[in-house]
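Here you get one chain, nothing else, as structure tokens; it is the form predicted alone.
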């Protein structure tokens, strides 16, 4: 097994970092370079990365999202935004209509660009021996982030990525079990999941017993998707999407 595949297969989220530890300029630059070389739809590069390594700003973000202590202790917190401002400039230059509002294709394309770039960043950081954890909580405080960083129209915070040196004494995260391959990977066919698959995974995760999980996997997502508050949709519309 080569080192890259082994690294990817053994990924785990890490939420406990040595506060105050700084990545070298060379390491951070290498992570950003790897991020920017990620493939993107039509080479659109429809993303923007805010590199937060200022401790005061990290603490401010943590105060807005207190469930995510890793923001505070990370060496650097990367905020990944879907960004089609350069596409808007291109449309303006050619005197063409920029049909962005309610354009689901555009939203999917830019979010996909963000996701691939963010995975490159995480893989690069982990290859250097650092821990990482994604932070979907960025969307919960998207309004505050937009205001804090003066994020323009046609850009929207999608996710964060904390990178830092693991605090080995506090780190409890383990490699998390996934669904069996046959549940969501089909060879020359689309496999359809069943309730039995879900219940089996509930048992697997219950045995795994991650301390931060207080609900069964199925119940957690049943609760999450029970009500759509429309909060993100409203803010996306305000940002021009």
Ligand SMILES: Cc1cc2nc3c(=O)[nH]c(=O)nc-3n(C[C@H](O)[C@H](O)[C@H](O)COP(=O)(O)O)c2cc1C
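Numbering follows the first chain given and starts at 1. Just so it is clear, the model here is predicted, and its values are computed rather than measured.
Beyond the structure shown, there is the form predicted in complex with this ligand, which is absent from this document and is the topic of what follows.
**Student:** If you check 145, 159, 100, 166 against this ligand in the predicted complex, which one has a heavy atom within 4.5 Å?
**Tutor:** Of 145, 159, 100, 166, the residue with a heavy atom within 4.5 Å of this ligand in the predicted complex is 159.
**Student:** Only one of 176, 215, 36, 60 gets a heavy atom within 4.5 Å of this ligand in the predicted complex. Which one?
**Tutor:** Filtering the options by heavy-atom distance leaves 176.
**Student:** So which of 49-57, 176-184, 192-200, 24-32 is the stretch with heavy atoms within 4.5 Å of this ligand in the predicted complex?
**Tutor:** Heavy atoms within 4.5 Å of this ligand in the predicted complex occur in 176-184.
**Student:** Going by a heavy atom distance of 4.5 Å, is residue 12 a contact of this ligand in the predicted complex?
**Tutor:** Yes - in the predicted complex, heavy atoms of residue 12 and this ligand come within 4.5 Å of each other.
**Student:** Would you check, heavy atoms only and a 4.5 Å threshold, whether residue 149 touches this ligand in the predicted complex?
**Tutor:** Close contact is absent here: in the predicted complex, residue 149 is far from this ligand, nothing within 4.5 Å, heavy atoms only.
**Student:** With a cut-off of 4.5 Å between heavy atoms, is residue 79 one of the residues that contacts this ligand in the predicted complex?
**Tutor:** Answer no; every heavy atom of residue 79 is more than 4.5 Å from this ligand in the predicted complex.
**Student:** So, in the predicted complex, is residue 133 in contact with this ligand at a 4.5 angstroms heavy atom limit?
**Tutor:** Flag for residue 133 set to yes.
**Student:** Any residue of 41-69 with a heavy atom within 4.5 Å of this ligand in the predicted complex counts; write them all down in order.
**Tutor:** Heavy-atom contacts to this ligand in the predicted complex: only 68.
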